[in-house]
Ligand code: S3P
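Here you get one chain, nothing else, as structure tokens; it is the form predicted alone.
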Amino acid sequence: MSITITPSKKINGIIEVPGDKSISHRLAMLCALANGTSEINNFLCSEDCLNTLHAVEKLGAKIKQQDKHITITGTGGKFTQPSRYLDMGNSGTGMRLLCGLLAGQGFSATLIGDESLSSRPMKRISSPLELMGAKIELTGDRGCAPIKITGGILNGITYSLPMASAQVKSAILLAGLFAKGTTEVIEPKETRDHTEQIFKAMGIPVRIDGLSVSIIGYAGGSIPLTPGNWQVPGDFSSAAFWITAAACRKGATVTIKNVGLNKRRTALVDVLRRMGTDIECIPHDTDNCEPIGNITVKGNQLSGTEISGNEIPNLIDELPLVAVAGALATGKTIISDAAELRVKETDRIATVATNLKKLGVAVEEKADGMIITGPNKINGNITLDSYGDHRIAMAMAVLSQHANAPVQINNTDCIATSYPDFEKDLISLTQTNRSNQSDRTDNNSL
């Protein structure tokens, strides 16, 4: 499928974004292990998260779904062996985290994914899980999926992450639930802490000492995961498209309601503020397991900035949008220390740089990032490719709003993996500023 972006001179409005993908994955898995029934509200019903739901259902959890409201009756800490493979689709989060849980089970299971997921590195999780006692076979090319994992008795380990990764940290901690003794993960830099926050909310003690995170396992015993009623905040990574779209448009005002405000997710706010935009985050008074609130953005002419080092891990999903902002900002925007972008759904350094060049943006690709010089006039009457990457498709749609003519983006089916209503929300924020909303066919026009 393709979409055609019709440029718009303004973007304004109030919007809510779908539930947080990272939190939806983790709640689905941990509620599936809990001893009792949990309710999850505002669950992200995207392809990725629905694949995780299907997987835990195959492992013995009982699932009831009414739109974004999910009821899960857990297995009391022990999964049952699936009759077939577990298909994780496009989700690296789903595959890596579920491997952590399966490492402590007394059976073998095979996880598969689509072509993109089957090209993503999995030795980063197999190595620590094997040190804990699991048997893992990476049957794909170059240490990739499919993954056959045979779980069993695990021992706690102390593991220093070679690179900052919330997914690897979480996989080890999830395996640590079933291990003897203490499992400790030492991070080189702070990463997302959704697993730790949900552990604490569900009754699992977590010790955090600087960059060290540890839990004591429950080998041979009952894992005290407490079921509950959980509210999934709006996904900051989805809100980031509208935050950036408004920040880059002088005179724009956009409010995103009920967004997750976990401080390890909102680094984009800090970057855009120092580039010159006005962003206000107002938290709600709630006892939810994650902070939640409203974000209001007032656009301005931005100035270039530098992003590197400790800022990168908690900004990794939003870096394509930093490149978009850099294309419209005055001066140089430099992204470095971000080589991890090359092993996402696509090589996001290469795919962003390729599309920016087609749009007329001055960009220099580097091994670990890129340098963008702006501001640039954005070319229209061209065709871009998402390369099957949802974040590339949506980031290029945001930038194409500034083009001098329509821009076609190919292979946009992938948007459904994280933000099924992206097109509808784009229209809702821009349609009042257009004299003509074009036809929608197989080549959708926005």
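Everything numeric here is computed off the predicted structure, so don't read it as measured data. Position 1 is the first residue in the sequence shown; the rest follow in order.
In what follows, reference is made to the form predicted in complex with shikimate-3-phosphate, a form of this protein that is not presented.
With the partner left out here, shikimate-3-phosphate still marks one of 337 to 345, 249 to 257, 127 to 135, 278 to 286 in the model of the complex; by a 4.5 Å heavy atom cut-off that stretch is 337 to 345. Using a 4.5 angstroms threshold between heavy atoms, Arg26 counts as touching shikimate-3-phosphate in the model of the complex. Mapping the unseen interface onto this chain, Ile112 falls outside it, with no heavy atom inside 4.5 Å of shikimate-3-phosphate in the model of the complex. Shown alone here, Gln197 lies farther than 4.5 Å from shikimate-3-phosphate in the model of the complex, counting heavy atoms only. Though the partner is left out of this view, Asn262 does not reach within 4.5 Å of shikimate-3-phosphate in the model of the complex, counting heavy atoms only.
A heavy atom within 4.5 Å of shikimate-3-phosphate in the model of the complex is found for exactly one of Gln105, Asn376, Thr93, Gln231: Thr93.
Just one of Leu154, Ile349, Val271, Ala166 comes within 4.5 Å of shikimate-3-phosphate in the model of the complex, counting any heavy atom, and that one is Ala166.
For the stretch 19 to 55, the set of residues having any non-hydrogen atom within 4.5 angstroms of shikimate-3-phosphate in the model of the complex comprises Lys21, Ser22, Arg26, in sequence order.
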